[in-house]
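As a starting point, one isolated chain is supplied in structure tokens, in the form predicted alone.
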Amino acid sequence: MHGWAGKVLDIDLSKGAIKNYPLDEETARLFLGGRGLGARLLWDAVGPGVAPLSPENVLIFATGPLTATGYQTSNRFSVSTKSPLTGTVLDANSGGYWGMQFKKTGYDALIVRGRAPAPVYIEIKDAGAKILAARHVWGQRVRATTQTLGQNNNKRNVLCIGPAGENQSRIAAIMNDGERSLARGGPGAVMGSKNLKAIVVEGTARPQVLDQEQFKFMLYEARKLLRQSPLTSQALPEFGTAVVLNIVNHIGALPTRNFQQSQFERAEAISGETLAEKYLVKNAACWACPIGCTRVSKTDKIEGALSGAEGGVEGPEFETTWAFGAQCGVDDLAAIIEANAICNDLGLDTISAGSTLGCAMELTEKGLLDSDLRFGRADLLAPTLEALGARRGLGAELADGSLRLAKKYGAPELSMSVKGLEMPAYDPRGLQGQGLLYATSNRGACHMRGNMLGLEVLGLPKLIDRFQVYGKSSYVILHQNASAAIDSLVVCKFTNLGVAEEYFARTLSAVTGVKYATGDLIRVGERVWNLERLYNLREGFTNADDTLPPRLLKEPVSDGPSKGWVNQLEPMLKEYYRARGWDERGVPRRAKLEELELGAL
């Protein structure tokens, strides 16, 4: 007996057609759900030559086999599509309540095709799905849309886009539960291109768990391990993700002023400790999460439509604080909190938005762009983001990300991006393995594709020299494979800080009845990673795209603990290809594909 009894909901907005069919059991065994299932479905649905903002692109929303079971952090889901920012395979995942509620409608995945002739939203309940008119919410911001369509975390949950998605900004996010985001790579623009404003879900059916006794035991073990971990029981609940800002700055790996420096002299002013001391209202958590890393913050600038029931807003996370802080040379935490709230309400990726502003600031200071943007101009964050969301004035140029902006003004090297996706808050000159991770990530520069912070900085599960070059590839590959597996389950990566992959595999076996060992689970991640690589190769990407901005390869850090270092990518990359079982051009060898059961593609 097994538990792969799910369904796929398939909606064509051009035709107004709704159908559903069983989830293929073999596909589920090989790719699980979430990111893996999304990549496999995208491979068949969107081939080369499809423009990301055309009706031929699809949006695939997928839960995982653990979603809504009540297992720790089993609230998450993902969206997969062809990225309008990068042209690569894209998935993004989110927490909150929406994923749990969608799974309880009885579906494992939703595929949205085509383009509606007028604004619509989709409503999904146990009894089925409907396509409904959305003219009354088109033009509304995220918070207003969420309220208008009846958000209720215990019964009804809303996923939507804001003005940025409607205006097809290539850095637009899809938002759920008001302030949760599927952010990176511009999925909100794809949703906007389809005239799809929102997806509302109401479900009542709990997913099947085949071995209840084993599941309860694994749940007990996971809770115990999370309580024992200092990160998941103390640091994250007390200070949120921004707890690492001072740490990363201290070692000289916090990118500052568009990566011109690797330390921010005013880091303490925007740290997680300062956020907790001055602006924290309370902690919050996603459904079935014992960690509670979410901050609810309040400032004098947060009021009215931006504020929630407590007069505050969720966040900001570490990456957001960095993007509008050190990256822009801004030390005004209240302004950063406001910028985060505006991005959530407009539906924008905060990492790409902040990094694009940082790029614009350097372009301006170098005399290449005529604007008022300068490093340190906290007063310009809010109005610039408003213009970006509306595609108004300079905002129209910022709306498509830093690479297109920098190219337009003749300085593409000033875009701190990989494959067109803006880099997060770690300077690869001070973290060599992180540089290899960025360069090889399938969706572009991304710390969520196997973050090396634990190994290179925190000593989790052990500490390795952050400046070490040779021998790093095996660590990066293991983290990438594990990350892809966790994204396919789908659970929060913070759970993995206290709970090892072995526990995930045993829980998966209890839920599905299919026996998975630790190695089997990691093999799923390797399979997903290679499929994503094949997708990008089919789209025309090559090993030349596995690189970093020239600044990080050629300009040594000028001072601080990482002084004199550049990222030594080339030897790491050669080692990485060999260890992956790819040829010297970064193409997976036939033997590797056969080993991963991908040979038929």
Partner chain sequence: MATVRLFGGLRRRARDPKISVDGVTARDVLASLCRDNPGLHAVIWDGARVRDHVRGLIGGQAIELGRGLATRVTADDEIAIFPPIGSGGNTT
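Numbering follows the first chain given and starts at 1. Everything numeric in this text was worked out from a predicted model, so none of it was measured.
What follows is about the form predicted together with the partner chain, which we do not show.
A.B. asks: K278, R374, R404, H250: which sits within 4.5 Å of the partner chain in the predicted complex by any heavy atom?
C.D. replies: Looking at the other structure, the residue within range turns out to be H250.
A.B. asks: Using a 4.5 Å heavy atom cut-off, which residue among K103, R527, R295, R76 comes into contact with the partner chain in the predicted complex?
C.D. replies: It is R76.
A.B. asks: Verify the contact flag for F239: yes if a non-hydrogen atom of it lies within 4.5 Å of a non-hydrogen atom of the partner chain in the predicted complex, no if not.
C.D. replies: Yes, F239 is a contact residue.
A.B. asks: In the predicted complex, is there a heavy atom of the partner chain that lies within 4.5 Å of any heavy atom of D211, even though the partner is absent here?
C.D. replies: It does not: once the partner chain is placed as it appears in the predicted complex, D211 has no heavy atom within 4.5 Å of it.
A.B. asks: Answer for A326 alone: is it within 4.5 Å of the partner chain in the predicted complex, judged on heavy atom distances?
C.D. replies: Contact check for A326: no, nothing within 4.5 Å of the partner chain in the predicted complex.
A.B. asks: Would N246 sit within 4.5 Å of the partner chain in the predicted complex, counting heavy atoms only?
C.D. replies: Judged by the heavy-atom cut-off of 4.5 Å, N246 is in contact with the partner chain in the predicted complex.
A.B. asks: At 4.5 Å by heavy atoms, is each residue in K82, V490 and F541 next to the partner chain in the predicted complex?
C.D. replies: Not one of the three qualifies.
A.B. asks: Only one of 214 to 222, 355 to 363, 316 to 324, 144 to 152 has heavy atoms within 4.5 Å of the partner chain in the predicted complex; I'd like to know which.
C.D. replies: Flagged stretch: 316 to 324.
A.B. asks: Would you mind checking 434 to 455 for residues with a heavy atom within 4.5 Å of the partner chain in the predicted complex?
C.D. replies: Counting only heavy atoms within 4.5 Å of the partner chain in the predicted complex, the contacting residues of 434 to 455 are R443, H447, M448, N451, L453.
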